[in-house]
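Take a look at this one chain, the form predicted on its own, written out in structure tokens.
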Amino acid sequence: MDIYERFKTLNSRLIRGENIPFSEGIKGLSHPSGTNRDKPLAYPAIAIYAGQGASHSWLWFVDLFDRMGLYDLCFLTDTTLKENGLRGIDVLAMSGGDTFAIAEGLGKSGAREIERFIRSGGLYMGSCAGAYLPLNSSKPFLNLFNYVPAKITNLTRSLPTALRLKEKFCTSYGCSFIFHPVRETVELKTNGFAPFGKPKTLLAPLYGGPPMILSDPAAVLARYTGFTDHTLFLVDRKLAEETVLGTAAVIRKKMGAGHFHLYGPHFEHPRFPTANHLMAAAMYWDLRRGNPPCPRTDALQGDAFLSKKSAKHFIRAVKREISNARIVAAGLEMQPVQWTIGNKVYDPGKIRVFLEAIWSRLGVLEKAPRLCIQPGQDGATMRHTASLTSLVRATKRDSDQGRNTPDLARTLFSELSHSSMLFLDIYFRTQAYHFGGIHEA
């Protein structure tokens, strides 16, 4: 049984209300010492941020939680997070993207909501841009989130020469620059602190995440220790080594009754099971105590269920639109086009990441005995996927005619995110309802 099936089995027990201590439930790790070893595990309510500034990588958190049977899941935009979106939530997952845009979108009220959430016992899991966000900064909007007193080593006033990927190499930071020395797979080593257990060497992908320095060594869970045959050097190797190696890759910092878990590399990436395992174990270790099993399944009274006929119509309509969009997007990937949105550069391949997140789950909903939705959610999803297909076609038409329209691309990626959130909310509501055999079909 692989780690994902083991976690799914564990969660099917937790959702039934079984009392399982950490040391029994989280298998396959050298268990760290500490009182949390005996803490009963809980089935967490998780929110994934997919609002302003978020890139496609929030879908990696979706894949991770889905594979592990963590279905008590919702999606927050900058607006919904500020409007009490974190109430009833145990974990906030914040992945990659444009840190500046995330900070601006959340603003003072979003920063206040996140601080209240953490201090009351919540857990913040941030990777890449999500790791940068809570670090100390003097820049506007970022300075609203000064929660973790760590510094980054990839900040410079004198920009080094970029060897490749100049469009992804750096970001302006006032009069300075944040530069990214390497991309792709790097080597890490854990420090032996809870919740990671005994020292372990592992691999994870780095796509612009921070190399960090923190004065408290006990808060550093893992460090960058080496490069691999798959590491892509964007600067001279010696400079990359000086900037990255030996710095903190993963930080665990307490604030009030809660914690920040900050990951420079993408531990949630679906192709890195050891990193996935460590990230999930750390999440369970720092979950607030005493939360009831599966709050979502206890709160479905306001939801609706589609009739078999309506469910069939819904799935067929969404499948038609996503199928058409996938075909057009595949053709667009043959074009030498990119779009700059904020501080991030997007290529056509990112379009299909969103489309596949929907397409790969349609078969699961086809087999589900009942589809669980919020009233009107099926109609909204069908309208948005139809709009999405039209936008992909318009983008392909512009590209074929040699035009590069940033406004159209911005609208397209916004619609990709919105359509994905609508569909995935239905998917996770349905999975949560049926998971563990709690509800009769």
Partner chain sequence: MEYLASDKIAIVDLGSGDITEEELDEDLVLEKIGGVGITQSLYDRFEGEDPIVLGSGLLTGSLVPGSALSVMTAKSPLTGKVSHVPVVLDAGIEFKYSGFDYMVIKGTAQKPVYLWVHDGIVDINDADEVWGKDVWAATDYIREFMGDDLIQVLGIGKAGESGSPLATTCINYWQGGDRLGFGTLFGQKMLKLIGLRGMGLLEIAEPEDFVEDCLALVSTIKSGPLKGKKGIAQMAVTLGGEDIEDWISPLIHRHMACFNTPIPTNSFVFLDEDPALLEESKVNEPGMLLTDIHPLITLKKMGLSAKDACQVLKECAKYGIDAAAVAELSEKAGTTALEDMVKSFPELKGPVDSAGTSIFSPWAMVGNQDRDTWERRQAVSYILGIHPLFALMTSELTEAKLLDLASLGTELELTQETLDEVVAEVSGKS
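Just so it is clear, the model here is predicted, and its values are computed rather than measured. Positions refer to the first chain, counted from 1.
There is another form of the same protein, the form predicted in complex with the partner chain; it is not shown, and what comes next is about it.
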Would you mind picking the one in R223, K168, R361, R326 that has a heavy atom within 4.5 Å of the partner chain in the model of the complex?
-> R326
Heavy atom within 4.5 Å of the partner chain in the model of the complex - the one residue of R383, R393, R403, R37 that qualifies = R393
Here the chain appears without its partner; judged in the model of the complex, the stretch of 311 to 319, 150 to 158, 210 to 218, 118 to 126 with heavy atoms within 4.5 Å of the partner chain is 311 to 319
With heavy atoms only and a cut-off of 4.5 Å, decide whether R410 touches the partner chain in the model of the complex.
-> no
Touches the partner chain in the model of the complex: R352 (any heavy atom, 4.5 Å) = yes
Are any of the heavy atoms in M255 no more than 4.5 Å from a heavy atom of the partner chain in the model of the complex?
-> no
Answer with yes or no whether V345 is in contact with the partner chain in the model of the complex, where contact means some heavy atom within 4.5 Å.
-> no
